[in-house]
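One chain comes next, on its own, written out as structure tokens in the form predicted on its own.
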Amino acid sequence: MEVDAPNDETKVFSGEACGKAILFGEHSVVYARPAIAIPVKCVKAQAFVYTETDDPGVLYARDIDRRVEFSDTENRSALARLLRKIVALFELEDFRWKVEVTSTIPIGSGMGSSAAVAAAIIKAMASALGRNLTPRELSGLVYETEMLYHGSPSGIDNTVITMEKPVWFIQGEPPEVLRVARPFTIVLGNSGRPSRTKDVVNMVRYRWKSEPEKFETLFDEIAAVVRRGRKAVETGNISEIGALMNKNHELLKAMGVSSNHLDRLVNAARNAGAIGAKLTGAGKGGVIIALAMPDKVKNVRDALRRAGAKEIFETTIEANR
């Protein structure tokens, strides 16, 4: 989208992308089991591309005070690699634009920060090039950048962030937009302790190789939760969604990806009236999600704050039937 340009820079194009949370199916999704992910639209990444500028070939990340020059090929930072990857994906032989990016999505939180930043930049650059990407094309491009951060990502982050709808996802199969029969509200509490998805996924893989029978059973049990969760979402059974979130968290604990701090937030949410609560994302840090009826949302938010949550977000998944 082209927008008004500040500071007399007459050509500026923008793109934005929301965050995400996994409702059911962390880790087992890497092993060909299903997962359900939801968009979190109260947080987002935004990118602006200036095509006429006196400061060409550069990316600014204002929130973290970073500046990356495209010509600095020795820079191996995540932002530098991301910029070079996106420029290569668009086959821009002479990159002379300025890119600015901001994000309200916590980094290392399991909320899709890296995928959202990449999606926002790609949207803005596509707009500058006059290209109208389909959601599938955008998702594929974002997935290419996700491999920089996560090695072998499941593909769920780029899928839900580019579709901006709840999705049923099985690796290697076309994603399905999930029918939501009844709206429900999710409260998210950020532990303030970042976690690298790649590290936790590798830890689970190591344990799976060491104890394949145990972990295959855990993956199958989580898959059963996800399938029941789909039915609950599609029929509007809110109490069942909550009960299954609790079950999913216990299975993730058995997998070894929770932590005392995450468990404390989960328990605080449940004790404050949440119907269900669980970690979301890789675990070992990041965010928990809690399902709460409207009259309990404030209680849950207050309880999470007292339990040590550094940030609290709230999003409603709207009905779409």
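This one's a predicted model, so the numbers in the text were calculated from it and none came from an experiment. When you see a residue number, it is the position in the sequence shown, counting from 1.
One more form of this protein, predicted together with a small molecule, exists but is not displayed; see below.
Enquirer: Based on heavy atom distances of at most 4.5 Å to the small molecule in the predicted complex, which listed stretch, 289 to 297, 258 to 266, 43 to 51, 23 to 31, is the contact stretch?
Expert: Only one stretch qualifies here: 23 to 31.
Enquirer: Ok, V201, M163, V87, A223: which has a heavy atom sitting within 4.5 Å of the small molecule in the predicted complex?
Expert: Contact residue from the list: V201.
Enquirer: Between V101, I156, I186, L83, only one gets a heavy atom within 4.5 angstroms of the small molecule in the predicted complex; which residue is that?
Expert: Comparing distances to the small molecule in the predicted complex, the residue within 4.5 Å is I156.
Enquirer: May I ask you to state whether G281 is within 4.5 Å of the small molecule in the predicted complex, using heavy atom distances?
Expert: It does: once the small molecule is placed as it appears in the predicted complex, G281 has a heavy atom within 4.5 Å of it.
Enquirer: Any chance N248 has a heavy atom within 4.5 Å of the small molecule in the predicted complex?
Expert: No, N248 stays farther than 4.5 Å from the small molecule in the predicted complex.
Enquirer: How about S191 - does it come within 4.5 Å of the small molecule in the predicted complex, if we only consider non-hydrogen atoms?
Expert: S191 lies outside the contact set for the small molecule.
Enquirer: Just checking whether S113 would be counted as a contact of the small molecule in the predicted complex - the rule being heavy atoms within 4.5 angstroms.
Expert: Result no; S113 lies far from the small molecule in the predicted complex.
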